[in-house]
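Alright, here's a single protein chain in two forms, structure 1 and structure 2, each given by itself as C-alpha cells.
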Structure 1
C-alpha cells in the first residue's frame, strides 16, 4: 500500500488552521505544530471585524470598491491578482465561517450586521461583538478538532519549529522541532511544509500590540535557510495603543470615530493632571493640522503626527512618549454603549476610567505588511488567482509554503483595517489547496530521502541548544530584548532617516554579538523557557536587520514607510485639474517608476542582500494618488 502523503503546518492561528483543514479535506495527513494550544493564537486578539462586500446596507457597495480600497490603501505595492481574488472570495469565506458556527452580530432581520471601518466609504465589515478574531479562530478550531477526531490531523502542541529539512535538491522535506517540555529535538518528515507563524511585532519589544509569541522567529529561521523576505520595511504602527511595561494594548480606531480628541499640554513642563489643564492650555494638534478630517485621519497620518509632536516638538505628556486620547467631553452613557469594549480594556489594564480621565496612548508596532515572499499564478481569463495552482503561496523553496501574517501577500505598503482577518483566512485556505496540488504532482517517495539530511539538521539544532545552555555569558536575554525594542521603535519606527537607519544596522550587529554571549540563568533541561526565548531573541535581532536594511534601501515615502527626506506632498488647496496638482501627480508617477517594486531580502554572508521585483499592476493601474483631505 502506498504511504499517504503528509503536510506539516507550523502555526495554529487562522492561517494555519485554515490550511490544515483544506489539506485534510483533500485527503492528506496533516501534522499541525504550535507553540501552545492552538486556541491561544494571536488571531484571537483582532477585535474589529473582517471585510467582505455584502452590500446589505443599501449603499451599493461593490466588490470592485473593496479591491480598489485595498490596493489604494496599500499604495499599489501589492500584486493585484491575489488581492482581486481575496476580495471576490471574501463573502463566500464569511458564509463558510457562518456555517462553522461563528456568532456574527445580527441586524433586526437576522442577517449579518456590517460596520464602517477606517479608509473606506461603505459599511463592509462583518463582526462578532468586539471579539471577531477570537470567534473566527474558534470556528476553524472546532472544524480542525473534528478532523482530528477523524484521524486526519495530528496536533503537536508545545512544539517549537526550529528549522526546515532540505534534501540534496534543496527541496523542503520536513522540519526539526523541539518539544518545549522535554526540550527534545526531533525531525519530522513531510512532503510539504506550510509556515503560518504569524507576525513579528516582538521585534519592536514591548512597544508592540502583538502577543508575546509573535516573534517572527520561525519565518526568520526559514529565511536563513534560503527563503526570501519581501517588503519587511512596511510595518503598520497603530496610533492609539495604550501603554504598558509588558506590551501595548490596542485602543480601537472607534475611539476617535466616536468623537475622541487627541491632545497634549501646550507647555511641555505642565505637570497638572489632565483634567486640571484648561481648554486654552491644550494643543489639539490633529484638529489644527488636518482641519477637515481632524481626529479621524488615517492610522499612518495620526501616527506620524503624534511622532512629530513628541519627538520634534518635545511635547510628550510628562516628557515621555505619550499623548492623551480624551473621551471625557462625551456623554458617558453614549460612549459606554458605543465603546464598551475599549473602556473595559482600559479600565481593566490601566485601572483608571476613560469616562473621567483621558487615556494615555502612543503609536505602537501593530502589523507586518511584509513577510516571507510567496508566489502566485495569475488566471489570464479572470485576472485573479488561478485557483488550484501549486504556485499560489509557494515560497522560493520548493515544497515550502507560507500564509497568514508571516507572508507578504495582500496589503502592499499599508493594510486596511479589517483586512487582516480576511487575508489570514483566505491565504490559509489557498495555501492548503496549493500544497494539496503540489502533493498530487510529487513522484518520489518521502521515505527515499536519506536519513542523513534529518540527522545533520538535528545535530545542528542540538548544538545551538548546547552552546546556549553551556555558555556562561554575561548578557541577560530579557534586557537584550528591551534594548532591541527601544532601538527598533526609536530608529526604525514611524519616521525614518537614512543616517539613523545606518546607525541602527550597526547597533543591531552589536546586539547580535551580545546575543551570542547569553547567561540563561538556569540549567534545567525541563521546560527551560529561557533557552527557548534566547533562541527566539537571536532570530528577532536578525529580523530587525532585515527590516532595517530594507528600510534603508527604499528612498521614498510609501504607505507605512515614511522617510521625510523623500516626501512628496500634495500642494495645499490644489485639486485634480489644477496645474500644481497635476505637477504633483507627475512627480508621484515618476516616484512609482523608481520605487513601485517589491523589496526582496535574501540571507547573505554579511547580512541581508536587497533586490527588487516588479509588481503585477494588471487590475488597477496606479493613476490616482491617495488623498485623505
Structure 2
C-alpha cells in the first residue's frame, strides 16, 4: 500500500488554516502546528475589515481600481501579477467566507455594507463590526475542524516549530518541534512544509500592536537554514495606536474610515481638556496637508505626519508623544454599532470613553511588509531554482512554502488597510494548492530519507535547550527584549538616519552576544517559559539585524522606509503640468531606476548579506508618483 503524502503547516491563523484546508481537500494528510489553540491566532486581532470590490455604494468602484490603489499604496515595489490575481479573486473569496458562515455587516436593505479605509477614495472594505478578523478565523476553523473529523488534518496545538529538516540535497523533508508543556523535542516527517507563522512585531517590543507571540522566530529559523528574506526594511507603523506601559493596542483604521478626525491643539501650551478646546484652536493637520484624502491617507503618510507634528513642530498633546483621534462629533449609536470592539478596548485599558472624549494615539510598529522570499520555480535547463512566473509561494528551499504575514508578496513598501486579511487568506489558499501540486509531482518516497537527518536535528535542538537551561550568565531575557524594543523603535522607526542605523547594527550585535549570557533562573524541564522566550529572543535580535541592515543599504524614501536625507519632496502648490512638478517627477523616475528593486537578505557568516532582484512591473508601469494631497 502506498504511503499517503503529507504536508506540515506551521501556524494556525488565516494563512495556515487556508493552507491546511486546501491541502486536505486535495486528498493529502496535514499536520497543523500552532503555539496555542488556533482560535487565539493573531488573525483574530484584525479589526476593521477585508477589501473586495462589490461597489454596493454606487461609487463606480472597480477591481482595476483596487489593483491600482494597492500597487500605488505600496510605492510600486510589489511584484504586480500576484497583486492583480489577489484583487481579482477577492470578491469570490468573500462569498466563500459567507458560505462558511461568516456574517458580514449589511445595510438596512440587506446588501453588503462597505466602509472607507486609508489610501482609497471608494468604500471597498467589507466588515463584520470591528472584529472582522475573528469572524473570518472562526469561519475557516470550522471547515478545518470538519476535515479534522474526517481524519485528514491532525492538530498539534501548544507546539513550537524549532527547525526544518533538510535532506542531503537541501530539500525540506520535515521539521523539529517542541511540546511547550513537556519541552519534548520531536521530529516530524513531511513531503512539504508551509510556514504561516505571522509577523515579527515583537522585534519592536512593547511598542508594537502585535501579540506577544508575533516574534518572527519561526521565519528567522528558516532564514538561518538558508531561506531568503525580502524587503524587511519596510515595517509599517500604524498611525492610531493606544499607548500603554505594557504594550500598544491598535485602534482600527475603521475609526478614521467612519469619520474620525486627527488633531492637536494649535498652541503647544494649551493644557485644557480636549472637549474644552474650540474648533478654531485645533489643528486638523491631515485635512490641511492632504485635502483630497484627509484623515484617510495611507498609514505611512499619516504616521510621518504625526511624527512631524510631534517631533518637528512640538505640538504633541501635553508636550508628549501623542495626538487626538476624535469620534465625539459622530452619532454615538452609529459608532457604537460600527466600532464597538475597539471602543471597548479603549475603555478597558485607558479608562475613558471615546464616544465622549477623544482618544490619545501615536504611531506604533504594526505590520511587516517584508518576509520570506517566495515564488520560485525549477529551471528545467539548469535544474536549479529561478524567480518564477507561477506565483506559487515556494521559497528558495525546495519543499518549503510560506504565506500570510511571514511572506513578502503583496504589499510592496506599504500595506493598504484591510488588505492584510485579504492577502493572508488568498496567499494561504495559493500556498496550499501549490504544495498539493508539488506533492503530485514528487517521485521519491519520504521513507527513503535517512533517519540520521532527523536524529541530528533533534540532537542540535536539545543541545540548545540544555545550554540555555544550564547557563548561569548575568542577563535577564525580558530586560534584553525591552532594550531591543527601545532600540528598534528609536533608531529603526518611522524616520531613519544612516548614522543611527549603523549604531543600531552595532548595538544589535552587542545584544546578540549578551543574549548568549542569559540566566533563566529556572531549570525546570516542564513548561519552562523562560527557555521558550529566550530562544525566541535570540531570533528577534537576529531579525532586528536583518531589518536594520536592509534599511541601511536602501538610500531612498519609499513607503514605510523614510530617510529625510534622501527625500524627494513635491514642490508646494504644484500639480501635474507645472514645470516644477514635472522636474520632481523626472527626479522620481531617476530614483526608481536605482531603487525600484526588491531587497534580498541571506544569512551570512558575519550577518545578513544584502542583494537585489528586479520587480515585475508588467501590470502597471510606475509613471506617476504617489500623491495624496
Partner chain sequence: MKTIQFQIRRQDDPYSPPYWESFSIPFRKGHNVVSALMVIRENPVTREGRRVDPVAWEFNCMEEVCGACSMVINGLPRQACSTLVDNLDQPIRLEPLSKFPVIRDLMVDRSRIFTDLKRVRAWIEIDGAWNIHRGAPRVSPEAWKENYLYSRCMSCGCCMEVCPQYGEDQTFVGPATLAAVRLMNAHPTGSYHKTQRLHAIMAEGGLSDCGNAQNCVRVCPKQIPLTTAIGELGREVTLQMLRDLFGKSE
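Only the largest set of C-alpha atoms that superpose within 1.5 Å between the two forms is called the rigid core. Given the structure is predicted, the values throughout are model-derived calculations rather than measurements. Numbering follows the first chain given and starts at 1.
Source of structure 2: the form predicted alone. Two rigid parts rotate between structures 1 and 2; their hinge, judged among 415, 561, 237, 421, coincides with 237. The interdomain rotation between structures 1 and 2, with the chain split into two rigid parts and fitted on C-alpha atoms, amounts to 17°. Once the core of the two forms is superposed, the Cα of residue 281 has moved 8.1 Å between structures 1 and 2.
Once the core of the two forms is superposed, the Cα of residue 252 has moved 2.3 Å between structures 1 and 2.
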